[in-house]
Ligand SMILES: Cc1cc2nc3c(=O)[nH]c(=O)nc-3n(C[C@H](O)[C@H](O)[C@H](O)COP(=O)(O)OP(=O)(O)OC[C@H]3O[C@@H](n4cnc5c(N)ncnc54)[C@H](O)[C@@H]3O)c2cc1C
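As a starting point, one isolated chain is supplied in structure tokens, in the form predicted on its own.
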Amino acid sequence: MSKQHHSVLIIGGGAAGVSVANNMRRQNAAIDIAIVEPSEKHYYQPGFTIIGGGAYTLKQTTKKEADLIHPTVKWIKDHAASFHPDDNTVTLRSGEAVSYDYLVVCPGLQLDWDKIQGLRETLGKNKVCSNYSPDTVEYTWECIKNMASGTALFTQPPMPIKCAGAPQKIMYLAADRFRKKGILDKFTIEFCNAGGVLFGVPFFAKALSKVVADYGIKTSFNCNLVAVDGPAQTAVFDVTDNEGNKQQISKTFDMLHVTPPQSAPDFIKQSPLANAAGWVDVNDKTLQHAKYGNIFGLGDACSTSNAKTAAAVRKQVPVVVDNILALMDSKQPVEGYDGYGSCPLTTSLSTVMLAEFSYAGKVTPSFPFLDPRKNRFIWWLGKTTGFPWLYWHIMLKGYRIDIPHRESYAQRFMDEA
């Protein structure tokens, strides 16, 4: 078994991994950095919502991984299989061991399709679609485009998931498509949410309830999808009432958009890096591992309670990079991450509600004079043009542009809510 060594080893070449590698390279040209990532394609996942809504293409969200990683960063095209932190070693699926001085763990989330009985067999046909995979997102648009009437169900599993607003974003885009065609009244649209509220931050949930009412959407809470019969176009849900009693109910559909259950990857859950819930166990402000001081985690697979979004990664990257550089300089890590995340909620094909918040659901907008509850065209331009450009050309390339966000900005709006 061969063995290679790198000063900084990064597990995962998604938004977090590539950004950390390129950001660190800009801070220090001499550090030996390697990324473990099996995929040759890199997707701008925030764009999947608008692909499903017919306002974007998969090609626009896709680039070659090789074109994104700095040429001086070694790309190890393999899967991480197991961690041996006491030996500062990671074993790859190929069997090769890679040792490190510092480890950054950011493999993203695992989509647990098989937790919903029958889903994998019918996904991508029988009007069962999902924006959560590049293999299925284009079929969402096919379903919406070709519908003239009927029942459209949109599901949301138990948290946490990537971008908590995404399950309802596509619902609003579909409803707006139907409205623009003059056929909205021919549809029954239902949001089947395993959780108990429309959105986890009450400030924005109240505003979103008005969007739901405007489209005439029915909301069903504590309603968790557990099985799908594609040919029969029937979905089965576990429903919990206010007293905690559970029952199974079936709903027929003409279109079913499924958000799959999600979790940390199995190789993380089974590792010594995981906490009891299976997430990479890190300090929520320094992003340093709770037990192993030379290991850091960021992005969707770590234990922080922030929303799992690309905007959160953008704020986490400099914290991880600076703290590793501090350790290299015999200094202590500093608390630099406050839980910031952003969710551009697409409420129509021309408007977005830009939800920004930090730990404990504190509303922390970056633009002090705009009510963050308002649906605005400018944020639609951001969603379709500005934010993708910042992702590809600023964040992934390792540049730092920080727009301050402050809780105090939102206080006057909170007082009016």
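All residue numbers are counted from 1 along the displayed sequence. The shown structure was predicted, so the numbers you read here are calculated from the model rather than taken from an experiment.
If you look for the form predicted in complex with this ligand, you will not find it shown, but the lines that follow are about it.
Partner contacts here mean any heavy atom within 4.5 Å of this ligand in the model of the complex, and among 229-237, 275-283, 172-180, 107-115 they occur only in 107-115.
With a 4.5 Å cutoff on heavy atoms, Thr309 counts as touching this ligand in the model of the complex.
Taking the partner from elsewhere, Pro157 is found to have every heavy atom lying beyond 4.5 Å of this ligand in the model of the complex. In the model of the complex, this ligand stays beyond 4.5 Å of every heavy atom belonging to Glu356.
This ligand in the model of the complex is approached by Ser39, whose closest heavy atom lies within 4.5 angstroms of it.
Residue-level contacts in the model of the complex: of Lys162, Lys269, Lys74, Lys251, one residue has a heavy atom within 4.5 Å of this ligand, and it is Lys162.
This chain is drawn without this ligand; in the model of the complex, the residue among Glu138, Asp322, Glu190, Asp78 with a heavy atom within 4.5 Å of it is Asp78. Applying a 4.5 Å heavy atom cutoff to this ligand in the model of the complex picks out Lys383 as the lone residue from 364-394.
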